[in-house]
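Listed next as structure tokens is one chain, alone, in the form predicted on its own.
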Amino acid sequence: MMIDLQTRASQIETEYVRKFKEEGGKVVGYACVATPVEILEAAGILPYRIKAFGHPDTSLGDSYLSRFNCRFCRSCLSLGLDGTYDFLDGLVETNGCDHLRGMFENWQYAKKLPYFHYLKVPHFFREDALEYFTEEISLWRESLSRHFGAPLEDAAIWRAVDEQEALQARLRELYALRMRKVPALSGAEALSVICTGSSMRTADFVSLLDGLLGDLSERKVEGFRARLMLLGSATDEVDLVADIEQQGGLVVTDALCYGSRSFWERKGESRDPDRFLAEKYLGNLFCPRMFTEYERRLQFILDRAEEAGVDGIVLVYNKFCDLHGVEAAALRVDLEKRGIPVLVLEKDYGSQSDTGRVKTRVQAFLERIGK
């Protein structure tokens, strides 16, 4: 099953997506973990997280975005413009960062998808921000219902909430298998699983994980020199994680939005579904865009590192990613003050020319920490 998942994790339009479309289903793309996918699920829509899988050709994206924009965003835009993402029935934009907004807005400008909605996410976690985000979710809910003809009743949203909570529990079980003294799967394999699930309906991903967790219960990954944690900007580059692990450092946990940050602490309290989702997503958004939440992010990283017993942390961010570039400097100082060695890697998303440099830096890091 793991080999099959790794194969599927490199595909944009998977067999699952094709079958869903053939059966009359609608697919809406999103990019940021601040997007409450429960709204899409409740409408019977497949939430599809936009990925590029290290796509190296950004020529079409470069026609709309500057080369000083994040290459991940330019890669996704190129795939949107060249027809790769023509199976999408719409897009949900969020203001995760200016690069991401540029990607979405130029995509919609050039392609004119049938449905497009801008979900504005506050940069602070406080009462006025929660009220604002609750209203934004309500407006999106109305927009989606009107366009797709889905009633989107409260009961359907609560069912989607329950399904998401079941999924998050399974993903925590998967990470527990990664963090064992003798791990059951590699970091590259874990990222493959998460990328595969981000192109599936939640209930189907839960079923897939149920089977996978059983298969992995007795599995062992051995022969590694060090236990590493991976931090940084959004990455769906399974090959990058594999390159790190080929040097002998097994990635046993992470604090990535294609990873633990998307499911670890997802809680809400309100009995109004829109307010509940606002609390759940804004209150647990561990991203540098949340200006006042640095201490909580740092503690989240420290907790995950201690839980996994890591020997060091690799902090990777894409070139021109200002948010993660600034945060990387602060994190390196604060983590090393606490005795955790850190390797900061700035790299160009999808660039094969970076591979040798990344491997050399990882080798040197493992020597520095005595592994």
Partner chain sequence: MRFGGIDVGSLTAQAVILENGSILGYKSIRVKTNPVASAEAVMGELLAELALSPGELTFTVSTGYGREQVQDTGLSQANVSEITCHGVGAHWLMPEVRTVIDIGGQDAKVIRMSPSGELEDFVMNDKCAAGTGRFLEVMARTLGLSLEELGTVSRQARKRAALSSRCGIFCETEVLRFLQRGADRADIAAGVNRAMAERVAALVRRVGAEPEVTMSGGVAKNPGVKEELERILGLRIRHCPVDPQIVGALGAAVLAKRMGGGS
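Only a predicted model underlies this, so the values are computations on that prediction, with no experimental measurement involved. Residue numbers count along the first chain shown, from 1.
Below: the form predicted together with the partner chain, not depicted.
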### Query
Which of these residues, Ala34, Leu65, Ala328, Leu343, gets a heavy atom within 4.5 Å of the partner chain in the predicted complex?
Leu343
### Task
Find out whether any non-hydrogen atom of Thr196 is located within 4.5 angstroms of the partner chain in the predicted complex, and reply yes or no.
no
### Task
Tell me, yes or no, whether Ser138 is in contact with the partner chain in the predicted complex, where a contact means a heavy atom of each within 4.5 Å.
no
### Distance check, Lys21 to the partner chain in the predicted complex, heavy atom within 4.5 Å
no
### Contact of Gln363 with the partner chain in the predicted complex (heavy atom, 4.5 Å)
yes
### Message
Only counting heavy atoms and a 4.5 Å limit, does any residue of 338 to 368 reach the partner chain in the predicted complex, and if so which ones?
### Response
Leu343, Glu346, Asp348, Ser351, Ser353, Asp354, Arg357, Lys359, Thr360, Arg361, Gln363, Ala364, Phe365, Glu367, Arg368
